[in-house]
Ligand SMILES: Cc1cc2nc3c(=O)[nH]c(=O)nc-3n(C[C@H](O)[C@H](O)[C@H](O)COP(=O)(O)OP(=O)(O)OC[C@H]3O[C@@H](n4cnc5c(N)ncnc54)[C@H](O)[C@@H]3O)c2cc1C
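Take a look at this single chain, the form predicted alone, given in structure tokens.
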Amino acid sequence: MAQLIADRRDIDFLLHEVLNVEQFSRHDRFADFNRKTVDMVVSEARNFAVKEMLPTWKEGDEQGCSFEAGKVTIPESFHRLYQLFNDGEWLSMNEDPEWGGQGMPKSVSSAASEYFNGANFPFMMYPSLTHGAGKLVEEFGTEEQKKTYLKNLYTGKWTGTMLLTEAGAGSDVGALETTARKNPDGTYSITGTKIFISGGDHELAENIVHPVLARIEGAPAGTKGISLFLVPKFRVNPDGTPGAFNDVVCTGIEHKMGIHGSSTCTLTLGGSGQCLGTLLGEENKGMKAMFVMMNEARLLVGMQGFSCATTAYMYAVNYAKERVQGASLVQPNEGGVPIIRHPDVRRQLLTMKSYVEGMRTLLYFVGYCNDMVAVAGDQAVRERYQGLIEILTPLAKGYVTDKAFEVCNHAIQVYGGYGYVEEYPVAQLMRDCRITQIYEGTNGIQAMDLLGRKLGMNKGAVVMDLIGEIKKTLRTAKEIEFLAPHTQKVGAALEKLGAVAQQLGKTAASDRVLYAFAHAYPFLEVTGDVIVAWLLLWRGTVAAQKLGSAKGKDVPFYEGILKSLEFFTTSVLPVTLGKMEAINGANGACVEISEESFNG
């Protein structure tokens, strides 16, 4: 069953043959993570995902969460699983061992995360948000806050959340109404209601730590007046144990399309006037602090969506090899054949394969960039890789989750009617995947971020650094004869994308700004296509160089990588170029149409 979560051979190819993650073991920070250790980590993650996590996935979906008499109940099997997960020290793979982490490279932990989220991403909501809350404490907490909360969070003894959203302030965080009143002892009395809080209440741990966005009384309106607070479910005693209830009350949970095992709560803070919090960071700097968690969360959401996609692809491939239906078009008299031999099924599977391989490489490459930031001795190098992370984040969240949902949709189609039946796994994967396009900033917001902020970062230097990475691959691929036509297509798409970006940027800076942002999402999509084409070409250069000396199963593996590249450059990129033409046209129909013209 292991092969039905992720492709281990492709993970190994990416870690060792493309990214060469063993290089990080030359640095003191990652000295313990040589190839043997990396392989052991991936194997242990895979085994845990298959043996312990996957069996709870379907049960978690069917049992779901319930809310009765003010108490939230989550799937029973999650309690044991959470303890095993913490015993394995998986929650804080990248963090300092001093605080309960493993100190491993992010590129390596990406592989473990793929297995974990592919096996049971609704369960992974609990430890993942806990890690994000811990990161906020590590980055912005006082020594006292770190002493009180950090190890408890990074080891999973306590869980954490993120309290941003309110009923009247969804994506517009600046419109929040939760207030904070400063007390004489330096604490703050918090009053307000937050909605859509993942893991907001449960009984997995003895305490839940809520980072809360609120406005201090008298602070400026909008995002400029928002501060961040730490609000535990139970106040912490001087000896570090949970104490009195802190007036954080769950008033209900959402009944959702998917991720049924994740409790999505409405929380009322200070309904009885007894909710206390401590300032995390500086007053009125809450949004800046929260974006540390948000950026991590957006990359996590990309991994969540992708993990649904790679799992759906693996299920679809296995099903297509086993499901016998219909005769071969070229040998109609020989009876039924596995559906993988039918051209349309192969087209769908190769579509899924190329996107999955491109998305995996994108997410792991962002992890690689994080590792380069961690080990680089030169400030300019660190800034360069940090810039790459920044510009790729809206793609890793927005583009990846959109394409992941498409992959899950293809998987259902490959299964046919059985794919629509809950007895089979791909229906749940598609339902679970759908939320990833919405939370942590809808994909429309990711597109606006790419166009409005990321293209202009450092006066365009970040974009040029990304283009430099792509051109590096083009130069290598150009020397390999077999790759010549694909190199040309990727190079032409990159050149056209540059022209589109320049034109769209000018439009955004003019009085036609609405016209520009009407095309922000298509721009995100075409940018993602070009990035995936680059990454498939990068993979192709490695595969082409290895193929001549390959033996056994490595031969079809490397050939498959080259076919993914061929399919994407010949079947996807031409459509991408057409979308670029549409963006350049900057048609204003959706801006100019009157509200009355939308029937309804």
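Numbers for residues come from their place in the sequence shown, where the first is 1. The structure presented is a predicted model; accordingly, all values stated were derived computationally and were not measured.
Another form exists, predicted in complex with this ligand; not displayed. Remarks below refer to it.
- This chain appears without its partner; in the model of the complex, the one residue of 373, 362, 448, 389 with a heavy atom within 4.5 Å of this ligand is 448.
- The contact with this ligand in the model of the complex, taken as any heavy atom within 4.5 Å, belongs to 163 out of 153, 163, 429, 407.
- In plain terms, the part of the chain that comes close to this ligand in the model of the complex, with a heavy atom within 4.5 Å, is 437-445 out of 379-387, 305-313, 437-445, 335-343.
- This ligand is not drawn, but in the model of the complex it has a heavy atom within 4.5 Å of residue 197.
- Taking non-hydrogen atoms only, residue 256 approaches this ligand to within 4.5 angstroms in the model of the complex.
- None of the heavy atoms of residue 86 is located within 4.5 Å of this ligand in the model of the complex.
- Within 4.5 Å of any heavy atom of this ligand in the model of the complex lies no heavy atom of residue 223.
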